[in-house]
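Only one chain comes next, encoded as structure tokens, the form predicted alone.
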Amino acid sequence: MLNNIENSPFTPGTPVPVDMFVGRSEQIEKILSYVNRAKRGNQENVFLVGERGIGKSSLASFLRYRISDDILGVHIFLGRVSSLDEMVRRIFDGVLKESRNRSWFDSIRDLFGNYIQEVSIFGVSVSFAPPEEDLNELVRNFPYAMANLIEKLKNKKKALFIVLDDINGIAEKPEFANWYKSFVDEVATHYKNFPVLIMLVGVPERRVVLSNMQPSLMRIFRVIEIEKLSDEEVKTFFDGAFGTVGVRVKRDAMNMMVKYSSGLPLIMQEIGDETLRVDRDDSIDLSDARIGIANAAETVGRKYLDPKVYKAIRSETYLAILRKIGYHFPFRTFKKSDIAKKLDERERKVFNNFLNRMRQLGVIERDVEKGRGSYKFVNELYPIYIFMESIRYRERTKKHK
């Protein structure tokens, strides 16, 4: 079993390998149609929207793989990037790295000129490193620079596919919204042939922020929303992943893992990885699944919840309240009065403080549509964590009996 763990097919925290990708057929078909439009010379703009952990990056990676024969794709993770200069530098740096050891690299090298740095640590690599004043100029003349790049690639690739992932930092900046609108307008008015598809990847809140800062910007994008995977798609993923290491999953164990995964790839990866670590006989039974899910709950809390949130909800009283909220899963909303009925005297005394603290931390907000005393979680990950934490609690309680 040690060999299975060392060769685990699960990749928590990173996009799923393309050979393990499941679902999203409708969204893939739509985006591929926009890719085809880009290949015909139309500049396309897509906004891939979905909750955290729902598999946006995995879908973007899969699409990049699917179209790699005749399109140059670059997947840029912006993380905490908040400046246009660094965003544009990373775009061209991504193009440069994707072109390394390709037949067209010399053409790219000529275009990038003296701005290429070669690094020989752990093998030779390249990076794009222009001086600040030239980078500022590149930001201002981004369409022209892209047009020159397209010209260099025209005999090798039919279009560029640029994924700007994890845009949380840059999307908060008004200059990004204004810059992007100006970029699209300039392309539309000055370039007849511009085979580039740019796909922004972000949570719904980022789209709202951009829309508020530049209302006309959202009319530019073809919005693709992705939802949770179906139970059957989750099962297909687990069957394939465990099958690659020769591990069989019993039906009741599979049903439990599917249920607690809640259709979120992020949770699927964590549950699969932790359950594989528990298994000792290449057969996942119900006991393995319970322990794996319990361990995954702790991992999810530490890795993906805001540290302030994770610390706040670790008190036994708050956890007890959360577990009683979690009994109603699947849910995204709850009524204060419904939960209060389930609390003991000690929990009722701190319930108002609990609600206020969760609102301050951005975990819940008032649900105006459901009426007075109603609340909703701002992120799908919170109720799923609460749901998983309930089984962790039961497993821990059993051990102490």
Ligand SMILES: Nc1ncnc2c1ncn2[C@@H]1O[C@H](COP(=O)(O)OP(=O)(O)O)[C@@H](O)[C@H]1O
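Bear in mind the structure is a predicted one, so any value in this text is a computation, not a measurement. In case it trips you up, residue 1 is the first one in the sequence shown, and so on.
The form predicted together with the named molecule is left out here; the points below concern that form.
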{"property": "Distance check, I54 to the named molecule in the model of the complex, heavy atom within 4.5 Å", "result": "yes"}
{"property": "Heavy atom of T275 within 4.5 Å of the named molecule in the model of the complex", "result": "no"}
{"property": "Any non-hydrogen atom of F194 within 4.5 angstroms of the named molecule in the model of the complex", "result": "no"}
{"property": "Partner proximity in the model of the complex: S25 to the named molecule, non-hydrogen atom cutoff 4.5 Å", "result": "no"}
{"property": "Option touching the named molecule, based on a heavy atom within 4.5 Å in the model of the complex, out of L266, L84, V74, I313", "result": "L266"}
{"property": "Heavy atom within 4.5 Å of the named molecule in the model of the complex - residue from F142, F237, F176, F221", "result": "F237"}
{"property": "Region of this chain that lies against the named molecule in the model of the complex, out of 35-43, 336-344, 367-375, 55-63 [heavy atom, 4.5 Å]", "result": "55-63"}
